[in-house]
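First comes one chain, alone, set out as structure tokens in the form predicted alone.
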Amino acid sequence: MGAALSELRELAAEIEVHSFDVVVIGAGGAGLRAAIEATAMGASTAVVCKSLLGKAHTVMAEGGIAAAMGNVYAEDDWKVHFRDTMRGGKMMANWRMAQLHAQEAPERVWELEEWGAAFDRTGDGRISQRDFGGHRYARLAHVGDSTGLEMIRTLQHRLAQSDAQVFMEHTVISLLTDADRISGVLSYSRSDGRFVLLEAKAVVLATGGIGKAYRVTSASWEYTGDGHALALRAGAELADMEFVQFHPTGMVWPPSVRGILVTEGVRGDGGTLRNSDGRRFMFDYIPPYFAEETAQSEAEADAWYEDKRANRRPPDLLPRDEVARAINSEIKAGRGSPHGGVYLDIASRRSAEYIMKRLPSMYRQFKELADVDITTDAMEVGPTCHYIMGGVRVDPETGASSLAGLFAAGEVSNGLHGANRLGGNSLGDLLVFGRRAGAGAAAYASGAGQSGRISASEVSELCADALAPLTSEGGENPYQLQGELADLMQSNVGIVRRSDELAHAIERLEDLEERSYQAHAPGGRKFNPGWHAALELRSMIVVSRCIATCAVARTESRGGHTRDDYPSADQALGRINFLLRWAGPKTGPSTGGSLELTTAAVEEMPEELAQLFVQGQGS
């Protein structure tokens, strides 16, 4: 243990202390896969998660895992998948990450199958694969519309066979560093407020996204940007934070479930989007760069369902950013549904038996939450904040960040998806780069020597800062502040942005940040959700500042970033990543601190890969 740990015990007897080679923060697909790999390499490993095992956001991923296994179309291969990913991300993805993902995703799916995952099967017994937006071929391996749930079940069962120690219902307060390298993690138990210090040689961030910063979101309560904020404050770089994906199809009615995801699998299995006039409006929004492979008429689109090899794909299956913008335009033009969305209809194309077999979760979701039978009626859907492409800048091979000993994988990391993520690439991302980050962390830990020193005074300051909301006088309700933040981000930094609105958001965010450090959560540490909300609010505001800062700088429209005042893409900006570093204190109000914005050129891909785009085919 570090030399200062004895001082910590003297400082506060209530601080529980442990020592590990690798600490993984997050127990979704990326975190579990990282922990499995780290333990397999002999590293003593801990997993820290905000919720209970099995409650990770990954379980909400319904459609499938994108992997070019060729089970439905033999001509599909990694080169086609690589090309689709790069084009979907508007050529801003890290080419090496896109290559590794396309090459390794099939192996990771077969590995899950070997570990017990029960995938749907084709008629000849192979893993079934379905169509999804932006993918040239049907390549999503799936388990009905509950793929994420089966993935988590399988990974948890595998992890349970290892020696990894799990700390459930723990929130991480800070990453601890020594001489610009990771030395540990400070967390607290959400049930009783007990502080827990985990000394570590390496840390893997797998904390997911930022969705709760927005009013309308598919995200669950855990998605408060903790990992992004932890990495930034510890000294790591964030990249591409302006690129936020609004999934085109979230529920819009009733208000209590607004934003809950409607899987892209509905459209992949035959669902069509219609406006209030009953018109299939997506034919009006086909971008030129997808025109060659997209149906131009209803007759041509309908023919695709009969012979997919011979016909062009319906525009309903364009990448998510294109579909979300189209839906937003129809709603603004007054052609939306009664509750502010559009219609998604699968009942007119598929039988009730087919829908119940392929989309059982969707059937139950609409029947139980909205009293809509999707086997007979259309769904009302609209854009919902779903995913952030921006995150910790990492090395493609190992998941290493710019801070020694800190690794990241999954949604908290940046690189694979560029300006827009294709549906189905998220689960493959978790498996491929979760494994690589776990291996990278274990290898780093084995060569790191003695753990870095942990400062007793720093830990004392961090604990005092975390406890401040319990004793502050006259502070505001953290839930009220969270509501203000969500409304601000939804209206000013949402699916379509403008310079004046972004400037207003940045000014308001600075005010909200100062107020957040005065938030008051009365009561003790035990079972106090208001206290948790006060601490999570700080991360949400930091991440929101990052999004708005990069959104102001990118004066163009590209992927998940749409500027009303700069509606076209700028070729020069399309070759630039915006990077952020934190210049301010780790604790206390950030007055005097700032975000340092710099740029880096998008890395050029090798000529042999660039030729795939010249040829117009992946193979």
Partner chain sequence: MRSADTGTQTVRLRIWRGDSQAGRFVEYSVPFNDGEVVLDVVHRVQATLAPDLAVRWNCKAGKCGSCSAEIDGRPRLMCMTRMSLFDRDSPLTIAPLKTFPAERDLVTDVGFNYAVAGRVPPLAPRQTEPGEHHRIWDADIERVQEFHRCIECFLCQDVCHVLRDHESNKNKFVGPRHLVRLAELEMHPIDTADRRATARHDLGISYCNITRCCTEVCPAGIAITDNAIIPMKERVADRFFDPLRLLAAKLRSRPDSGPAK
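Positions refer to the first chain, counted from 1. Every value quoted in this text rests on a predicted model; they were computed, and no experiment measured them.
One more form of this protein should be noted, the form predicted together with its partner chain, which is absent from this view; the next part is about it.
By the criterion of a heavy atom within 4.5 Å, Gly530 is counted among the residues contacting its partner chain in the predicted complex. Taking non-hydrogen atoms only, Gly523 approaches its partner chain to within 4.5 angstroms in the predicted complex. Within 4.5 Å of any heavy atom of its partner chain in the predicted complex lies no heavy atom of Phe167.
Contact check for Tyr73: every heavy atom lies farther than 4.5 Å from its partner chain in the predicted complex. The partner is absent here, but in the predicted complex a heavy atom of Arg126, alone among Arg453, Arg136, Arg126, Arg335, sits within 4.5 Å of its partner chain. Here is the short version: of Tyr444, Phe119, Tyr517, Tyr188, the single residue with a heavy atom within 4.5 Å of its partner chain in the predicted complex is Phe119. Relative to its partner chain in the predicted complex, residues Trp110, Trp115 and Trp221 are all within 4.5 Å by at least one heavy atom. The stretch from 305 to 313, 539 to 547, 406 to 414, 253 to 261 that comes within 4.5 Å of its partner chain in the predicted complex, counting heavy atoms only, is 253 to 261. Contacts of stretch 27 to 66 with its partner chain in the predicted complex, defined by any heavy atom lying within 4.5 Å, are made by Ser51, Leu52, Leu53, Lys55, Val59, Met60, Glu62, listed in sequence order.
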